[in-house]
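First structure 1, then structure 2: two forms of the same chain, each alone, as structure tokens.
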Structure 1
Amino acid sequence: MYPFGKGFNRYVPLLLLLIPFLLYVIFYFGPSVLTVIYSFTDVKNIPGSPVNFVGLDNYYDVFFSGNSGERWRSITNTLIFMVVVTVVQNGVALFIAVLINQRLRGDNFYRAVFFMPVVLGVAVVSLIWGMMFDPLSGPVNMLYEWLFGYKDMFFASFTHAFGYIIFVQIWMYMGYSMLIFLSGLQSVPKDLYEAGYIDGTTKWQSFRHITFPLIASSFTVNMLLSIIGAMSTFDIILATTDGRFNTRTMAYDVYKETFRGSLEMGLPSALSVVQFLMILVFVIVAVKQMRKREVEY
């Protein structure tokens, strides 16, 4: 009846939960609520400055101000970034997870190699690919010239820089998605494959009708992580192009307006709310669609 004792000891678990709860309120929930409130004001990053309610003016400025053209390009880039990263990253991760799940020799080594970019961090990954894609002495440019007689500017190219950032994003986080798929693949009962083999199913039929439905929950998790991560990405852009060469996204705009723009905090707060609502819509739609394909076993 009293697993933690009587008297004051009964409240010890509640006190232990109170500390992380307060940390969550102070550092996560509280700032989120303030961001929504700030989006309806003209608050400035100046201590003691007056704060006035401006209604939806900040949201109007996001879409229809003098810089609205750049905002719409950022929104378009964000959507392109999200779609390409989500599809390609999960497709490649699933393919590699299926290969590793075949019990290849050295499979633990392959897992470590593909997961290593996640451990390195954004700064190290950006430095590595900055040297690889160096327009003057980078090995990738030398390879391009040797194979195609062509040189690229990579992160300094108005036409290709955004594509290379997408590639780096996929390269960095593909290993994380692979591990989630691999855990789902290893949880599929082997007797289902044996029963399918007896019935004469091909490998593709086994994957389509046995494997994929049973790892749909892993697919749902990876889809959500990819959508949220891609639409929140600004660090790789900051470390590679600093938003130049048509590589700005909504997350980068929030960072720039907050820390490098004017002292106004209302506009970046409104942009943050718009970004959150876009992520929420895509997540709800993705979860609703993916849940239909999940199978209990």
Structure 2
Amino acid sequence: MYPFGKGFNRYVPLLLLLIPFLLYVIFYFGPSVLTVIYSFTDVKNIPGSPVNFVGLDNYYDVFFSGNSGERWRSITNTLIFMVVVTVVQNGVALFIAVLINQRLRGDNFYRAVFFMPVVLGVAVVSLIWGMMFDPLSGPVNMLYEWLFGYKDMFFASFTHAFGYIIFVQIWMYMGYSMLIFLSGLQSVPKDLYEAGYIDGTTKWQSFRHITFPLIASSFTVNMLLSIIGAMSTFDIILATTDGRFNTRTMAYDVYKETFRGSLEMGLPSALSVVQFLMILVFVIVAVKQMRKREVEY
């Protein structure tokens, strides 16, 4: 009747909950709300300096000032990055997960190999690909020259650098998506396939009608992770091109304006609010769409 006792004891669980709640408010929710408030002010990174509300000035600067051409390009880049990374990364990851799930000899080995880049971390990965893509002496350029008689500038090319960054991002996080798919695949009951086999399904049919609906929840998770991950990626850009050569994304701009721009904090706050709203829209749409497809047999 009174599972937590009577009197003061009744409030102990609430008090215990209060601690994580406060931590959350102070370290996550508070700063987030502050960011939204900051985006309407001219707050500076100097303690004690006066703060004034400036209305939508910061948002105006994001979209209509001297350099908003670049901001729009950052937004376009972010969208391209998100779409390509989400589609390709999950496509490839699903394909490889299905292959590994065939009880190949040494599947543990393959799993480890494909997952390794995630463990390496951004700094190491960008170092590796920086060397691979070295325009003067890198192996990839040698290969290009041998195959096509053509040399590329890779991370120093205005037209190609962004593509290479997308490639590196997918290469790096593909193993992560693969692992989630793999765990989804392994939870599919085998008897369903047997039943299908008796009914005479082809390989494709059994994948399309048995496997795919049953791993739909892994699919949702993967899509969400890639959308959010891709939209907020700036580290790989920072480490490879540092935003030069038309490779800036919104997340990179937020980082750059916050930590390297002026002491003004209003503009970067406005930028991150815009970025947040974009992520929110995409995530809500994606969740709605994918929830529909999830089934349980």
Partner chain sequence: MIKRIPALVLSGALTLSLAACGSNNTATEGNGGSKPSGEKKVVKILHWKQGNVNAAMEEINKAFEAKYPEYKVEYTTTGPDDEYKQAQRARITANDVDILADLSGMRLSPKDWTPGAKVPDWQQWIDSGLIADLSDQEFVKKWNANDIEKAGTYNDKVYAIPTGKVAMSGLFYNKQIFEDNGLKVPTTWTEFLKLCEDLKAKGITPIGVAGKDVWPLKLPVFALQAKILGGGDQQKWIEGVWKGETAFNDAEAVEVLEKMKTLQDNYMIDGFMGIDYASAPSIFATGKVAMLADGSWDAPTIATANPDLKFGYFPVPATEDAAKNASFVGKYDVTWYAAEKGPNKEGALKWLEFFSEPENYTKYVKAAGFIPTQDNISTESEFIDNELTPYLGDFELAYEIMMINRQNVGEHLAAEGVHTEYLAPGGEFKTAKELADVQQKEWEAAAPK
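Keep in mind it's a predicted model, so treat the numbers as computed, not measured. Residue numbering: sequential along structure 1, first residue numbered 1. Rigid core here is just the name for the largest C-alpha set that superposes within 1.5 Å across the two forms.
- Taken from the form predicted together with the partner chain, structure 2 is distinct in origin from structure 1.
- Core-superposed comparison between the two structures: the CA of residue 16 exceeds or equals a 2 Å shift.
- With the core superposed, residue 277 shows a C-alpha displacement below 2 Å between the two structures.
- Relative to the superposed core, residue 26 undergoes a Cα shift of 2 Å or more between the two structures.
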